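Just the one chain here, the form predicted on its own, laid out as structure tokens.
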């Protein structure tokens, strides 16, 4: 398979990329501690990892950590708008094969994924690090001949986890997988705390709108929706939640939010954020009932939470600036669509903060180590990272925040029926 050594926007951006990677490293103690703990033993020696995940400064620290641990790595982005071109340039400058640039077409997005499958020496991938199951689905549908050589897949998102579970239930899955999203330090930290900070960042950078006093509709009250709703509440917005799950709806109500249907909320909202993991959440009926210049954006993994196709086919559009389109509807009103429906924190800003991504990416690295070094332990299916690994990731971040952990006594541990050094909670515990 003949292919270019890399394809990015501009190699001349490498110096600027290295500067921001250095800043990110300082905020990512989890990955740095993994390098220090495991680097000498090279637990990923022999791993050929094809990665499909947003090419950001935080991902650069992840990629370089995998290489320090012995892996060969090739990388593409999991979203056509999320690549930070200066970061991609910095990685290529170090000899890492990157196939990503901001503003890819859908066809270029697939081409970039294809470039990660075969390495320059002719060997094919044997591990996948995925975000939304994009790369795994490509291999399963177009390159099934590579499946026998794949040891395992680690998946970043709830959307990707859903796809993998669907494949398993249909008898189509042929590889052991670990869903990083089921790890507490991912679901409860990136999804809640990371989105709580970055959703505001994306909307403000795109629109400069004042959020205090605005009516904000958040669709979905899972961990991402909870984080988004909390952010808007802190900024003084009046937040309305829409939900299909009665448990989440009850939680939202008891947090003080109004809970109603989108058919009702679409008439009131001034800002709309989808965070369901589903599809076709905001559709034509909602658009046509929205207030003038309502802001519409997504925080779920896939853009199809918003019916962007209907907007493109049935409304005229003006590009205000990169990531901001103003649609004129048939009724004469306008809506602002941010990031073409892609996650607004990445399409219009820089994604979640480096510190919280350190939690997530440290979990990704440990999941790769688990699968690559324990082939007999993991059957075909979708697994969770062992609780002890989850706690290891959390522990690696405490010193950075000046946290002093209380130590159980022998008697206390015996009473609780656990070891002094954990795991401290059973797998079914909900944090």
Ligand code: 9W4
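Just so we're on the same page, rigid core means the largest C-alpha set that superposes within 1.5 Å between forms. Everything numeric here is computed off the predicted structure, so don't read it as measured data. Numbering follows the first chain given and starts at 1.
There is also a form predicted together with this ligand; it is not shown, and the following applies to it.
For this chain, the superposed copy of this ligand, brought over from its placement in the predicted bound form, has 3 or more atoms within 2.4 Å of the backbone and C-beta atoms, so the pocket is blocked. The listed set 109, 81, 119, 146 contains one residue whose heavy atoms approach this ligand in the predicted bound form to within 4.5 Å, identified as 81.
Contact with this ligand in the predicted bound form, defined as a heavy atom within 4.5 Å, holds for exactly one of 114, 181, 350, 207, namely 350.
Contact with this ligand in the predicted bound form, defined as a heavy atom within 4.5 Å, is made by all three of 102, 339 and 342.
This ligand in the predicted bound form comes within 4.5 Å of no heavy atom belonging to residue 65. Taking the partner from the other structure, this ligand in the predicted bound form has no heavy atom within 4.5 Å of any heavy atom of residue 272.
Contact check for residue 357: a non-hydrogen atom falls within 4.5 Å of this ligand in the predicted bound form. Heavy atoms of residue 59 reach within 4.5 Å of this ligand in the predicted bound form, making it an interface residue. Only one of 376-384, 50-58, 402-410, 33-41 lies within 4.5 Å of this ligand in the predicted bound form by heavy atoms, and it is 50-58. Using a 4.5 Å cut-off on any heavy atom, none of the residues of 193-207 reaches this ligand in the predicted bound form.
Residue displacement note: residue 97 has its CA displaced by under 2 Å between the shown form and the other one (rigid core superposed). Taking the rigid core as fixed, one finds a CA shift for residue 126 smaller than 2 Å between the shown form and the other one. Superposed on the core, the two forms barely differ at residue 358: its CA moves less than 2 Å between the shown form and the other one.
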